[in-house]
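Okay, here we've got a single chain as structure tokens, the form predicted on its own, with questions on binding and movement later.
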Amino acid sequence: MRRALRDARELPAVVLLVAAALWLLLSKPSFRSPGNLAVVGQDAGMLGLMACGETLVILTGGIDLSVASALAMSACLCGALIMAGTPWPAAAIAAIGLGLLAGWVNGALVTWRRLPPILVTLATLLLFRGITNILTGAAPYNLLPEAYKAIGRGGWPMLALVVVASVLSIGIGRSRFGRHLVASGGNESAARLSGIGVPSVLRRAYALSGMLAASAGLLMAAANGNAQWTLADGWELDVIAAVVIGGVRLTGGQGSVFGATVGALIIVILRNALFLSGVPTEQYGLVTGGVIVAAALSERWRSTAADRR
């Protein structure tokens, strides 16, 4: 039991989350107000959904820098369709389909001639955001129905995160695709020799990442009451930070969706604490960067300990 706890990659993140939450609950009355907790839940739900999709990609040894741009592109499609008279459920399905397609394009480019994921997704980060800016004319879609805006409020974003994280956790642990996903990131050569279709696994991982980014975009547009090309600008770094803080190894093969979800909660809670303390937003990166360094040191310690055993 003691060894299992010591080897748990998510344990440092869980300890940090519990400590931060308890400290805020006891020392910051404004943190535990219903309105503030609702905001924390909304932000954590959206960031967590993106982190879940990013985890699937990073488990394969890749990376997806375009998640925030895919989010904005999909949300704007939904807003455009709604304002053109399409019922919002149908518009939402179309937007999720666009996110799925965007992710599949990433995966196809990565597997085509084995292009580096960081270069491919850096390119699509710029392309998706730029295309969205041009096609929308940089104008927001803000005439959204109340029924649609309701899904971004209250506990719906957090509920969506819990459902998605639970399904993915079970799927990775028990499905053939989940085993192939981890095997492809752990040792790609061995995975290919064992008959795993690594390119197909990669394309599906990137497609799911795009789909979850689009889902987060629908919730973000609903919560904000508008969809525009600047949605989630810069969030790709927060997403990757959440995954790293949650104990997912950047080189692939080790980690969990649960850990990435915990990492997303940590980032949102810490930023909320800084906001309540009156810290300028320009300084938020200091805390996030410090936590990432701590996560890297924890990973290094874990690797050294494993080598000694």
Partner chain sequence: MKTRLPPETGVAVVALLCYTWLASFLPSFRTGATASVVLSNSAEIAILASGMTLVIATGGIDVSVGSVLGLCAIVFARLMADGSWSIPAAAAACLAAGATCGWINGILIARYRLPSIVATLAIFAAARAGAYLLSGGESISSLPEGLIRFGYGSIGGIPLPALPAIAALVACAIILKRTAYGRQILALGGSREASFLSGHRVQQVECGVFVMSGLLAGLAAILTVARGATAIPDAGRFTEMTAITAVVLGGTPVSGGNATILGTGLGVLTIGLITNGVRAYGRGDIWVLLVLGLALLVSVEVDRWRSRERSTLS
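Numbering follows the first chain given and starts at 1. For clarity, every value in this text was computed on a predicted model and none was experimentally measured.
This next part talks about the form predicted in complex with its partner chain, which is not shown.
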{"query": "Which of 185-193, 123-131, 151-159, 200-208 sits within 4.5 Å of its partner chain in the predicted bound form, heavy atom basis", "finding": "123-131"}
{"query": "Contact check for L168, R174 and W235 against its partner chain in the predicted bound form, heavy atom at 4.5 Å", "finding": "no"}
{"query": "Residue among L144, L219, L109, L81 with a heavy atom within 4.5 Å of its partner chain in the predicted bound form", "finding": "L109"}
{"query": "4.5 Å heavy atom contact, A90 to its partner chain in the predicted bound form", "finding": "no"}
{"query": "Touches its partner chain in the predicted bound form: W104 (any heavy atom, 4.5 Å)", "finding": "no"}
{"query": "4.5 Å heavy atom contact, S27 and its partner chain in the predicted bound form", "finding": "no"}
{"query": "Contact of L274 with its partner chain in the predicted bound form (heavy atom, 4.5 Å)", "finding": "no"}
{"query": "Sequence-ordered residues of 280-296 touching its partner chain in the predicted bound form, heavy atom within 4.5 Å", "finding": "E282, Q283, G285, L286, G289, I292, V293, A296"}
